[in-house]
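Quick setup: one chain, the form predicted alone, written in structure tokens, and binding and motion questions come after.
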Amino acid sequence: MPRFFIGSENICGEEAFVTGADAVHIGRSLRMRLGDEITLCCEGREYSCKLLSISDTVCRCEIRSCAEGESEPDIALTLFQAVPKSDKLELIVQKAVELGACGICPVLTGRCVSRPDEKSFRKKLDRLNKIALEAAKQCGRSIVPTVSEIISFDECVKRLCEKDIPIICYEKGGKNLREINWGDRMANMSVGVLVGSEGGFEPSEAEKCISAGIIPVGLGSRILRCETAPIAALSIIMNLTGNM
């Protein structure tokens, strides 16, 4: 069933409204008809709806039922990804959303070859968030994870330390992810995962993380590419916490 994301302002009583490009998509690309059913997602809830009217500006829907989204993980996992070269970040964003991340935060570390300034990166940010939106639709998410502005390494350490379980995936090894105490699928437990770019982390960066209480983990005996490591880490964490 087609899935669209709307804001709370688009829900009024027993009706919901789809506007903008999504309204055009419903009528022109999907060629939907009155009475067809769609799923509308808003703030983690899923609304099963029937189309009452269709136009290029707004589609009016009757809300048939509402339920909490079943596809969202019990944990709130944020991926802190050191900025990689070329378009690798697009793949990382797509797969992180599919695997259940609630947010992706690009980070500038010492070994980042690609070092866009805030102004130039802001041009890419719209595309990255569109990729997150399309991935959320495709995999049945109930929320759209956000790709944030680039932050410094020091800011990243600060934000990681605010998480219940902060992790750095370190190429020189550390704990096995199975050795971490994940609790009993603690509701709303926050997890932060920091992954390096090509070349990993400076020793001083790893030391700063460890000194701050961030847990170093290894992802096996092989060195993974910077676009493979977050996929592996998120997959393992979601499996260990019962969220696959």
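For every residue, the number given is its place in the sequence shown, counted from 1. As the structure is a computational prediction, the values presented were derived from the model and not from experiment.
Not on display, but discussed next: the form predicted together with another copy of the chain.
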property: Partner-proximal stretch of 149 to 157, 79 to 87, 115 to 123, 97 to 105 relative to another copy of the chain in the predicted complex, 4.5 angstroms, heavy atom; result: 97 to 105
property: Contact residue in the predicted complex, from Leu91, Ile165, Leu128, Val144 (heavy atom within 4.5 Å of another copy of the chain); result: Leu91
property: Close approach of Cys161 to another copy of the chain in the predicted complex, 4.5 Å, heavy atom; result: no
property: Another copy of the chain contact at Gly242 in the predicted complex, heavy atom, 4.5 Å; result: yes
property: Distance check, Leu219 to another copy of the chain in the predicted complex, heavy atom within 4.5 Å; result: yes
property: Proximity of Ile6 to another copy of the chain in the predicted complex, heavy atoms at 4.5 Å; result: no
property: Every residue of Arg225, Ala232 and Met238 near another copy of the chain in the predicted complex, heavy atom within 4.5 Å; result: yes
property: Interface residues of 11 to 28 toward another copy of the chain, as seen in the predicted complex [heavy atoms, 4.5 Å]; result: none
